[in-house]
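Here we start with a single chain on its own, the form predicted alone, put down as structure tokens.
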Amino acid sequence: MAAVPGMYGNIKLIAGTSCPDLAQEISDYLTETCEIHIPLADRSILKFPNDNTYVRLNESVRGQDVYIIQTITRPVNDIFMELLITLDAVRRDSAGRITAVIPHMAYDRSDRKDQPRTPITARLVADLLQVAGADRYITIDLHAAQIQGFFSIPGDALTAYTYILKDYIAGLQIPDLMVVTVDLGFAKGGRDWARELDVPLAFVEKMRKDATSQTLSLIGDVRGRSVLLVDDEVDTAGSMVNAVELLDREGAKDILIAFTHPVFSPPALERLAELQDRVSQIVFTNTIPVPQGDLLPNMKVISVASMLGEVIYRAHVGKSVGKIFNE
């Protein structure tokens, strides 16, 4: 595809400090797709001795279609503040349009008041992004779909598990496959997985109490079947370990794990390492960078760069984004 001028000028990509490799992959994809060189914009980001974040654009973005790529990972509050400051810098340089590209949206589990006197932090995050200068947003696999309603600006809430991850799993051609969700909260995602792969579906039912979870039962029969255990993210991996143990007791033949966001709060990697004899593959995306040295032998990382790059291209030239998920 040749480059088509957008109504907001040329594409400008600005990488934050949280996912520079993913940002470069997106740049490479767009350069190939648009048939013009679209490098990452030159910028300076540093911390003052007083721990304040400083952002400076070293080239003009006036009148341009700017995409700021920053996944929200550890240290979450520093990374999010860096994104807000970058948005403000770009807005004050009179960009034509500003899109916050946030592969992993932090605080998206805080989407409602589930106890008295608690905040809805996901709504606060949406408000801050808009006040800082975002005209649009792009994100992947929000924990709760209703978070889209917290924004008064347009955006693309993408899904990786029925697009990129699904294609990889389908390519494995696993016989007697069944999709199992880690809990009932991911039931809709599990149905999407099962529909796309054209396989049966089962659910793990569990009860949460404080920061721990207790697996109760399996809704469905996995005996003698290969199982694809799915969720949107893995944080401490406690729920995933409980689910694998339950599937093992229920007679599952082979177990694979697939999810979008590798949050991997301690002791997640240690827990997943203990499952290597029982889990053949752990498949996830690079919405959050995982150091090469932390990857286990049975882990497979699928890049979201092509999906994000294609969405950025289509948003820039005014083409349908939804169409790429229906092709």
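Position 1 is the first residue in the sequence shown; the rest follow in order. Everything numeric in this text was worked out from a predicted model, so none of it was measured.
What comes next is about the form predicted in complex with a further copy of the same chain, which is not displayed.
A single residue from the set Asp235, Asp248, Asp176, Asp167 has any heavy atom within 4.5 angstroms of a further copy of the same chain in the predicted complex; that residue is Asp235. Although the partner is absent here, Lys253 lies well away from a further copy of the same chain in the predicted complex, with no heavy atom inside 4.5 Å.
Among residues of the shown chain, Cys34 is not one whose heavy atoms approach a further copy of the same chain to within 4.5 Å in the predicted complex. Heavy atoms of Ala132 reach within 4.5 Å of a further copy of the same chain in the predicted complex, making it an interface residue. Residue contact with a further copy of the same chain in the predicted complex: Gln276 places no heavy atom within 4.5 Å of it.
Only one of 24-32, 292-300, 45-53, 277-285 places residue heavy atoms within 4.5 angstroms of a further copy of the same chain in the predicted complex, namely 45-53. Residues of 292-317 that come within 4.5 Å of a further copy of the same chain in the predicted complex, judged by any heavy atom, are Arg314, Ala315 in sequence order.
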